[in-house]
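Before any questions on binding or motion, here is one chain by itself as structure tokens, the form predicted alone.
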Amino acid sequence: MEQSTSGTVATPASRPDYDMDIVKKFFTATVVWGIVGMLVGVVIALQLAWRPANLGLPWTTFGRLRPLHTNAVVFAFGGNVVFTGIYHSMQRLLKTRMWNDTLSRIHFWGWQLIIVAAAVTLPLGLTQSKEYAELIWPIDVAITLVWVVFAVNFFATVAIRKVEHMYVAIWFYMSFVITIAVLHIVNSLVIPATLFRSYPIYAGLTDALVQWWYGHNAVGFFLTTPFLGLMYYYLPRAADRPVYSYRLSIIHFWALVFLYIWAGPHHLLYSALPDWAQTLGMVFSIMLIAPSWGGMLNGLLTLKGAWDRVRTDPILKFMVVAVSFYGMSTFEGPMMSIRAVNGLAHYTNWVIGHVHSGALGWVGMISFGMLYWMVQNIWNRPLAYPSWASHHFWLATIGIVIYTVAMWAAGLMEGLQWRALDDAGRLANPIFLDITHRLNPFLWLRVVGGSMYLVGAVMMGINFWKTIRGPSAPAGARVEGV
């Protein structure tokens, strides 16, 4: 029998006819784009440490490949893994098949075409030059249309659900679908000039504020709320334990979605933005610690009674480290929004370390744990190379630590050198290239840490390929642990 996170039991005879084909499609795309996006990340890390890696071509320079990397890991890898988890879990939580299979497939192929369009246009230098919103206006229109298709199918499925109660993961998914639509549409409002160029309808400081309202909340509602929904479904499933506190999960949801949307102005501290708006962003950022740590503790305490399995189960190891990094990055972010700390950290590699502790540590690790659990569940096959999952875990974990610690150290050095003044108020280190030269050892450490993370992802891809092509479990049997 299958035990759902919401506590209901479905026998094989009564289990609905779920659409698993769409789950497998998004699963495959997740692994492929994840490896591609991480490979580009290692390449641009190498370019910063070793200039010849730019290859002397306009299409392969850091300035062209960096937005390609961010879009690949956020929207190609992150987007596909979220869609994989949503299509897999919501059918089980709502006890119904997706409302329309055709819409599911339009969503899948439309999203992949958008990713390909991004992979072509960004190296060509076709960009709007906005963080996490670089894609040109025709692609933005395509994103909107595909998102509408996804949203219609999503909410129609909620409407035809066979259960009265909606588990908390569904609420996190809903916030993702609604808020990302609002963010994308408002921030992408432009006046087209040509097929590839446009002008934003906002100007100056207003444009900056709208962009960072979008940019910060893209992190909040694309890389946080849907992944928390995945955590609330897959962590209890992997641990075979009920969520520690369902009431706390509801408080976590409402507090997070209310507070997060106001924190964007902390990206514009020491700018022309009015002080009251800067302070508003800082205060709401600090308040975010409470719901974030409540969610972290809820996740970790769900493992109460199952901690002995963490030593031997790589899936739980991935998830424990992911939740721990979620707690750490959601503490570090609010601290960096304090003006005194921001004055030291802003425009330095400390910010890069912070972003990647959340991206690699939280998003990446919870995704890997979910994927390892899912590949055995949906294909009903044991892992082809079980020991590789543990090797992947250690490569990823050690790689993250090397990466983030190197960037923290580099950022502190940069910030302190830029703040060091002589008696005349001039930079005590007047040659900017001297500061840049001192970064080189840290940049090479970033290459090492990122390469370890990439190698682990490649091992995962090979493991999944061999698992899917391997023999199924005996008829009527279920793979242990799924």
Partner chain sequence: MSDHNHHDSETGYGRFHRRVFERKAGVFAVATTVAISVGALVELIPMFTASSSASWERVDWVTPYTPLEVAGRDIYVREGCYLCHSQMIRPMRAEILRYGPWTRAGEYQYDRPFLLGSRRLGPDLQRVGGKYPDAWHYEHMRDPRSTSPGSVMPVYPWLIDSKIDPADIAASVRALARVGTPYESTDEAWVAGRLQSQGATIVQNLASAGITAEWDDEIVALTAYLQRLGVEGRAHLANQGGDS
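Numbering follows the first chain given and starts at 1. Model, not experiment: these values are computed from the prediction. Rigid core: the largest C-alpha set superposing within 1.5 Å between the two forms.
One more form of this protein exists, namely the form predicted in complex with its partner chain; it is left out here, but the text below deals with it.
_At 4.5 Å between heavy atoms, is residue 418 in contact with its partner chain in the predicted bound form?_
Contact with its partner chain, yes.
*Look up in the predicted bound form whether residue 61 has a non-hydrogen atom within 4.5 angstroms of its partner chain, and give yes or no.*
Yes, residue 61 is a contact residue.
*State yes or no: in the predicted bound form, is some non-hydrogen atom of residue 85 no more than 4.5 angstroms from a non-hydrogen atom of its partner chain?*
Output for residue 85 is no: heavy atoms all beyond 4.5 Å of its partner chain.
*Can residue 346 be called a contact residue for its partner chain in the predicted bound form at 4.5 Å between heavy atoms?*
It does: once its partner chain is placed as it appears in the predicted bound form, residue 346 has a heavy atom within 4.5 Å of it.
*Of 393, 262, 408, 379, which one comes within 4.5 Å of its partner chain in the predicted bound form, counting heavy atoms only?*
Only one listed residue qualifies here, and that residue is 262.
_in the predicted bound form, the one of 287, 383, 268, 117 near its partner chain [non-hydrogen atom within 4.5 angstroms]_ = Answer to the contact question: 268.
*Name the stretch: of 196-204, 325-333, 361-369, 109-117, exactly one has residues whose heavy atoms fall within 4.5 Å of its partner chain in the predicted bound form.*
Heavy-atom contact with the partner occurs in 196-204.
*asked:* Residues 143, 291 and 470 are flagged as a possible site; in the predicted bound form, is every one of them within 4.5 Å of its partner chain by some non-hydrogen atom?
replied: The answer is no: none of the three residues contacts the partner (heavy atom, 4.5 Å cut-off).
_Residue by residue through 158-178, which ones have a non-hydrogen atom no more than 4.5 angstroms from its partner chain in the predicted bound form?_
In sequence order, 158, 161, 164, 165, 166, 167, 168, 171, 174, 175, 178 come within 4.5 Å of the partner.
*Yes/no, residue 424 Cα shift of 2 Å or more between this form and the one not shown with rigid core fixed*: Yes; residue 424 is a residue whose C-alpha shifts (by 2 Å or more) between this form and the one not shown when the cores are overlaid.
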